[in-house]
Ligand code: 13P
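Just one chain follows, in the form predicted on its own, and it is written as structure tokens.
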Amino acid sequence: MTSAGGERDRVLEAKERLGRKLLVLAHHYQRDEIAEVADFRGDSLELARRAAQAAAQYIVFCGVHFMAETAAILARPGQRVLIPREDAGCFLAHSVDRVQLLDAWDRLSAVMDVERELLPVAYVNTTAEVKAFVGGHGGACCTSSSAKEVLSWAIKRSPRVFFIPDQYLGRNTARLLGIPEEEIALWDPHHPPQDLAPFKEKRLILWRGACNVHVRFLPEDVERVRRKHPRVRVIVHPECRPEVAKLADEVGSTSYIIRKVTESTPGTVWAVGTEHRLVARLAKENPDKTVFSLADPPPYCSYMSLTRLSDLARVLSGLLKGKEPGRVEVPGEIADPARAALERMLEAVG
């Protein structure tokens, strides 16, 4: 028996013994070995909802840390959320912290009444502390699939919105809502602008952050695959650069990408602009279509790659022994306002 096979057997045996007390969640970007043993796999919104609805005592989240934090915030009393790799972070989430956000808020308060004129919206790819700041100021979280609904909700309630931290998701969503470029400003936390007056005239302020995977896709990639594959359909994630999104045939969340490729006509050719583990899985699960990465070489998320079967087996073995390895806890003073921001997101999308 191979080592991988042995770890898989350990996981499946532990899952059987823990039964309904356990729910294993996996993000779409996880390794196949993890996705194959999970009870449910999905994108951020799907997993947030699944965590909120779970009846299991233990929720083991195979993803990155902010996702497990989100599950812990939404968990019911008595539920435990655990993550197999506590070092599984997120490049985008690391691009903003509470100190930087407080500094921006304070600086902008010099030219506007921030409490009445500026409503924050945080992408779920943020820490619990950032979500708590947003929730405490009346704002909401969003995912890539709910960004349009949440940003629309926000601009109806405030003269201007502060979208944190993915500048490209914010700009692509603004285009869908018809917000012109001249009404958008970019906030660079590492080099705050000296002249703040122009920010008072903008409807949307974007934080200067980006996903290190999706930023890898370039307009030249779209042009290259169209030359090589005349019938190709280009589909990309909204975290991609706006100039890439404009050239694509389709733009949508991971779940949207999966649905469009899976439901497409046999023989369709797809160039996909998102994390390559998902692209490779789509190609494997859709042998009647041609599916490949938009970029060459294709980009992987190093943080999403960290979790292995051995990590999951270790957590489940610990649970069987009455231990809680990798437990993720969020203090009440942070969890409560963060939960409010997440609940507003769920309300906005219905």
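Numbers follow the displayed sequence, beginning with 1. Computed from a predicted model, the values in this text were never measured in an experiment.
One more form of this protein, predicted in complex with 1,3-dihydroxyacetonephosphate (13P), exists but is not displayed; see below.
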Site check D97, T127 and A341: each within 4.5 Å of 1,3-dihydroxyacetonephosphate (13P) in the predicted complex by heavy atom
no
Should H237 be counted as a contact of 1,3-dihydroxyacetonephosphate (13P) in the predicted complex, where contact means heavy atoms within 4.5 Å?
yes
Heavy atom to heavy atom, is S44 within 4.5 Å of 1,3-dihydroxyacetonephosphate (13P) in the predicted complex?
yes
Touches 1,3-dihydroxyacetonephosphate (13P) in the predicted complex: S253 (any heavy atom, 4.5 Å)
yes
Might L309 be said to contact 1,3-dihydroxyacetonephosphate (13P) in the predicted complex, defining contact as any heavy atom within 4.5 Å?
no
To test your reading of this chain, name the stretch in 149-157, 71-79, 253-261, 180-188 whose heavy atoms come within 4.5 Å of 1,3-dihydroxyacetonephosphate (13P) in the predicted complex.
253-261
Please tell me which of A26, M67, A51, V291 lies within 4.5 Å of 1,3-dihydroxyacetonephosphate (13P) in the predicted complex, judged by heavy atoms.
M67
Pick out the residues of 319-350 whose heavy atoms come within 4.5 Å of 1,3-dihydroxyacetonephosphate (13P) in the predicted complex.
none
